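As structure tokens, one chain now follows by itself in the form predicted alone.
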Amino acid sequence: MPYTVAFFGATGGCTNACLTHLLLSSDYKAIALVRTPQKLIDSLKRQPGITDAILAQKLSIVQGDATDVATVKRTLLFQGDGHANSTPKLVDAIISGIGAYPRQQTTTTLVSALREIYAEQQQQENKPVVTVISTTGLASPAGAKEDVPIGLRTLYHSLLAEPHKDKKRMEEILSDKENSALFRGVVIVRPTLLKGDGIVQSKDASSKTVRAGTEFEPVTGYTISRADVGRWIWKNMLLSEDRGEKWIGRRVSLAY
């Protein structure tokens, strides 16, 4: 049985890059919820190595709205053997990089969808790990250290304070004790200022070293590419032997 991952916000640069790495690897299957399937297909076919055959074999697309509980449930459940009458199985992991909608609204929908799935299946044995993309500059939880370099603090703590409230609320929803119990683990990825379009590099291309820290021992930096954020999530949350166990419960700052 392949390791299955549900993607939300898969047309966004970071999430799209992560999805690309998954599609180019064996023993994985992806399910993506998007409003416009062709937009996702077009974005993936711009990625090196992605073909129609790979998309047909490795990717299932659910068309709909990430604020609709029924649609999110269809994304989180997949037919294990490909037959319509098979018993749906909950995905192993969730990657969310939604940016178009208010994140707190889509996060609340995700939580509601999981509650309904558990109630209907009357079991909570195989819970997914959820990884969400947030941002540095959110002073939480209590005791967290500054994760923004001096040169960006005016931008983050003044000009971006209002837009970042939505991301902060998203983090609070997932960190709530009752909500976090719906997952095997919650990982909040906080990249610094993003750049680039999320197109992954070829295997032989050199890339910068991505540094990672936690809310209590953060790394600070000025930029990081969307492609490298996606690659970090792929390598550490999905490809690694422990499936990101060391990062569960952490707010992970990423920077060069």
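Because the structure is predicted, anything quoted here is derived from the model rather than measured. When you see a residue number, it is the position in the sequence shown, counting from 1.
One more form of this protein should be noted, the form predicted in complex with a small molecule, which is absent from this view; the next part is about it.
Using a 4.5 Å cutoff between non-hydrogen atoms, residue 98 counts as a contact of the small molecule in the predicted complex. For the chain shown alone, residue 200 is not a contact residue for the small molecule in the predicted complex, no non-hydrogen atom being within 4.5 angstroms. At least one heavy atom of residue 14 is located within 4.5 Å of the small molecule in the predicted complex. In the predicted complex, the small molecule sits beyond 4.5 Å of every heavy atom of residue 69. A single residue from the set 131, 134, 107, 75 has any heavy atom within 4.5 angstroms of the small molecule in the predicted complex; that residue is 134. In summary, among the residues 31, 55, 194, 219, the only one with a non-hydrogen atom within 4.5 Å of the small molecule in the predicted complex is 194. Here the chain stands alone, but in the predicted complex its contact with the small molecule, taken as any heavy atom within 4.5 Å, falls in 60 to 68 among 44 to 52, 60 to 68, 23 to 31, 210 to 218.
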